[in-house]
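The chain below stands alone and is given in structure tokens; this is the form predicted alone.
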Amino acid sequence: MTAALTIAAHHIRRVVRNPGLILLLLAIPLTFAIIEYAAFGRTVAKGTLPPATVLFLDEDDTLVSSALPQVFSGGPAKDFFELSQVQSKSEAVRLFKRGQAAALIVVPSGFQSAVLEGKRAELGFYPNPVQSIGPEIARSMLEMTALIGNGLYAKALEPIAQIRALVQAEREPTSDEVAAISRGFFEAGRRLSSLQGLSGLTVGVQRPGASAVKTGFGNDPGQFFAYVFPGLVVFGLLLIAQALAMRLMRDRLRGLQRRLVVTPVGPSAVILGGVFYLVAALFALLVFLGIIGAVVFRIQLRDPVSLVAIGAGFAIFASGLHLLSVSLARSDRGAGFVGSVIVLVLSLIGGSFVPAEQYPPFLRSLAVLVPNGAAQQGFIDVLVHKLPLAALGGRLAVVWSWGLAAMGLAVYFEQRRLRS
């Protein structure tokens, strides 16, 4: 055991003296995360999506239509809308083509008259055809605002009828009439005041076999990156494990490994030294990336025991995977090609670039059966869903089963190769 630890320490010192490739590969997940931060803006760091830019065209030009922008910007959609008024549809088309707006809301002529007469009053909604997420956000928020507006309208039929009577009579209201109308709208608003509780919504989530957990909506710093960053970290560690294993492959091709085997330390110490070297290096890099995620991307590293259990299992798998590839390969080019293909396939299936929770049901069930997908989802369960270690049995079983199987095969084939 002492000899194996000495060999592992020697390999690690070599990496520390010449860390260029490892640092380059380590920068890959960080670069992806920084690009996503730049794409989604500072609002992502606060746990919310960036507001969709929505254009507003007022073709009615009345008192009611001029109040609608305040309704959107100050109502329940204020965190999702960024309203910008335009003067014509042609101007909106130009902004659509430049990708500077997600949708256009049009208040058609006659809108106020329809509202006051109790007729159907409609708003025009035009999504940007070259975008997908932004228009859907805008559509959902518009529908929610319209739903609340309809509720308010139903509660304010009396003051609206008073305004309609004044308009039809074409006369100025008296002070008593103004007070009565104002009081009517105040009472209608008070009856809908309970809707203000939506801004602090917390949803209780019950997962099969687990206790209920609470997930805040839009007020948890770093929540977005807690979804995205684990997949990037897992992908980066797979690449780094390949680079670290290739150093052992080159030692073998130069004859250094064979010279160590014939010394008194024996083949077992040489193999264990390589295993300890890879697992320790990957786990240290995983801890480093976790600290970067907490400091830079404001991810809350809760339940360290669970994170360590998942991370250690995945470090063993990544080490075993590439040690197995190296032990079976006859050249560094062959080992590099096979390892790269396996990493790419696992990353696509496991959801390293897109969280597996967004996959269709079949792919989602497949993603959590591969080790990187199970590890990524396990990290998300801890960091986002706040699940305890006892609720992670399935994730840990997948990761550690793959890890021990890959490492066992790697050690077996490496021993057989050294004895041949």
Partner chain sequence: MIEVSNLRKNFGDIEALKGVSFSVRAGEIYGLLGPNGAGKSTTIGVLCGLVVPDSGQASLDGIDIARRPVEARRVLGVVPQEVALYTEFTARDNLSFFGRLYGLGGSRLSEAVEQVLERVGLADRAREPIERFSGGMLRRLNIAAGLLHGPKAVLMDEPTVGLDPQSRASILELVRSIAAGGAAVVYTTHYLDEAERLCDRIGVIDRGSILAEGTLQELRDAAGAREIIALRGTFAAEVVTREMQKHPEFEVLKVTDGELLLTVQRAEQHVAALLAAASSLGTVREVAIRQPSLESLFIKLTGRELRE
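Computed from a prediction, not measured in an experiment: that's the story for all the values here. Numbering follows the first chain given and starts at 1.
Keep in mind that the form predicted together with its partner chain is missing from the display, and what follows is about it.
- Note on contacts: among A243, A280, V265, A309, the single residue with a heavy atom within 4.5 Å of its partner chain in the predicted complex is V265.
- Checked against its partner chain in the predicted complex, the residues L166, A329, L260, A294 give one hit for a heavy atom within 4.5 Å, which is L260.
- For A179, no non-hydrogen atom is located within 4.5 Å of its partner chain in the predicted complex, even though that partner is not displayed.
- Using a 4.5 angstroms threshold between heavy atoms, G255 counts as touching its partner chain in the predicted complex.
- Among residues of the shown chain, D251 is one whose heavy atoms approach its partner chain to within 4.5 Å in the predicted complex.
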